[in-house]
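Only one chain comes next, encoded as structure tokens, the form predicted alone.
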Amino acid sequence: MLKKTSMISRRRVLAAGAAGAAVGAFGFPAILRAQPAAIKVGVLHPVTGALSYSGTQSRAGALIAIEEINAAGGIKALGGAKLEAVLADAQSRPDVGAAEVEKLNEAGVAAIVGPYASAIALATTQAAARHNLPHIVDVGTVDQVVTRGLTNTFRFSPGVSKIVQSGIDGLERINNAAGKPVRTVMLIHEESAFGTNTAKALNDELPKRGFEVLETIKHANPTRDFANIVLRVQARKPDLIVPSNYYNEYVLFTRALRQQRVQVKGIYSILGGGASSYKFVKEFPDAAAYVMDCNHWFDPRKAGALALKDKTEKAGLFFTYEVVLNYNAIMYLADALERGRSIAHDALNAALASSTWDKHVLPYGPTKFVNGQNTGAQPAITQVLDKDIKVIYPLEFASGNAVFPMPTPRG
């Protein structure tokens, strides 16, 4: 079933078809049909299953970017060719994601953007490598995504090692500035490659900075009841809780902490799926208050970032990092198509690898790829303050001041 990509809205994103549902252009006058053939782009995310919210948000960001590029004249170096999204659903499963790559390749896509989750990215990038098909990873933070020598894989956003390092640097600075109130930590993480790798890196690094990890607790996806985990937190009495999980579980866990009146000096997430989320802040402001997070985020100083936020919200969507990263990934692809002037896999991979693109809406340094990883990428540390999300670190683009330790909840 073919659909046009105009007027992005939550309803349209949710209703968009799965694999093979191309977003094309039919019924135009003959003069328009004579224009260059559209450039097919695989937009692959988990829009059903446990990760459907983040997958839907990811798809929305990609479609907004495609709509903007086409409205601005398409890929000018290729005669104004328009981008055509071929939508695919990984169904929150790595094996399905890999199968969808095969379908996208058969459909003739020039590149793939996605697939959000690390476990799915490990499968989809491997599948794409069999065809030398350019694959831009939107999130997929585990280091193995870009350490397997796959020359067709490009992750513009930072990976788990960079995020953990930045997160611990920020935590140490914040803790020191407050007189070092935090010494003991508990880690709560989801069970897939993302959470497991993040917890491992934190267990390796936190003791080196003088923090004692009292316990590391793993939970399944999905988890609907965090009562037992909260009881374990209450028993160990950590100074700080560090969650690393996806949106649904993050929200349930922090709400359970609030409901059970668990007293800690801070909730400092590393890749917390709900912490940097306006949806969480709006729907559960008490649970969200003063939560910190080291995660993907936009640069609040940039007009383009604020314009994207406004457009996303006017479409009835929450502005999340999934929207930002996928919007960014499509724009990065468009720049490579302009410079490479070709959709041939070798030429496009070379153009992606040599990118120095700097028009992104992120708090990144100069774009430079080394073995498929943009070394200029960095996360931000945010905190929920006054029912808003403020950047508190790095200081050069901070929009608020850290409140730490967090005040004792009332009521």
Partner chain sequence: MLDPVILLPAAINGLTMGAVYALVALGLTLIYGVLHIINFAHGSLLMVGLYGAFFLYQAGGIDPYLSLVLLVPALFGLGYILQWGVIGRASHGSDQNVLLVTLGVSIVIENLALYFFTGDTRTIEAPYAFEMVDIAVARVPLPRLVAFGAALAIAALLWLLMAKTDLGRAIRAVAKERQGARLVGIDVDHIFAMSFGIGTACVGAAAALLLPMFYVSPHVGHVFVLVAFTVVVLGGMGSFIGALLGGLIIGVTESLGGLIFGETFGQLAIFLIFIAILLFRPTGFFGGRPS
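Positions refer to the first chain, counted from 1. Take the two forms, superpose them, and find the largest set of C-alpha atoms that agree within 1.5 Å; that set is the rigid core. Since the model is a prediction, treat every value here as computed from it, not as a measurement.
From this point on, the text means the form predicted in complex with the partner chain, which you will not see here.
Only one segment in the set 338 to 346, 359 to 367, 376 to 384, 51 to 59 has residues whose heavy atoms sit within 4.5 Å of the partner chain in the predicted complex; it is 51 to 59. Only one of Ala307, Ala220, Ala72, Ala177 comes within 4.5 Å of the partner chain in the predicted complex through a heavy atom, and that residue is Ala220. This chain lacks the partner; the member of Asn295, Asn248, Thr312, Ser166 within 4.5 angstroms of the partner chain in the predicted complex by a non-hydrogen atom is Asn248. Shown alone here, Ser161 lies farther than 4.5 Å from the partner chain in the predicted complex, counting heavy atoms only. Not displayed here, the partner chain is kept clear of Tyr290 by more than 4.5 Å at the level of heavy atoms in the predicted complex. Contact annotation: Ala303 falls outside 4.5 Å of the partner chain in the predicted complex, judged by heavy atom distances. Mapping the unseen interface onto this chain, Asn132 falls outside it, with no heavy atom inside 4.5 Å of the partner chain in the predicted complex. Contact annotation for the candidate site: Leu171, Ala201 and Arg209 all lie away from the partner chain in the predicted complex (no heavy atom within 4.5 Å). Within 4.5 angstroms of the partner chain in the predicted complex, the stretch 242 to 266 places a non-hydrogen atom from each of Tyr247, Asn248, Glu249, Val251, Leu252, Arg255, Arg258, Gln259, Gln260, Arg261, taken in sequence order. With a cut-off of 2 Å and the rigid core superposed, Ala227 has a Cα displacement that reaches or exceeds the cut-off between this form and the one not shown. Superposition on the rigid core between this form and the one not shown places the CA atom of Asp95 less than 2 Å from its counterpart.
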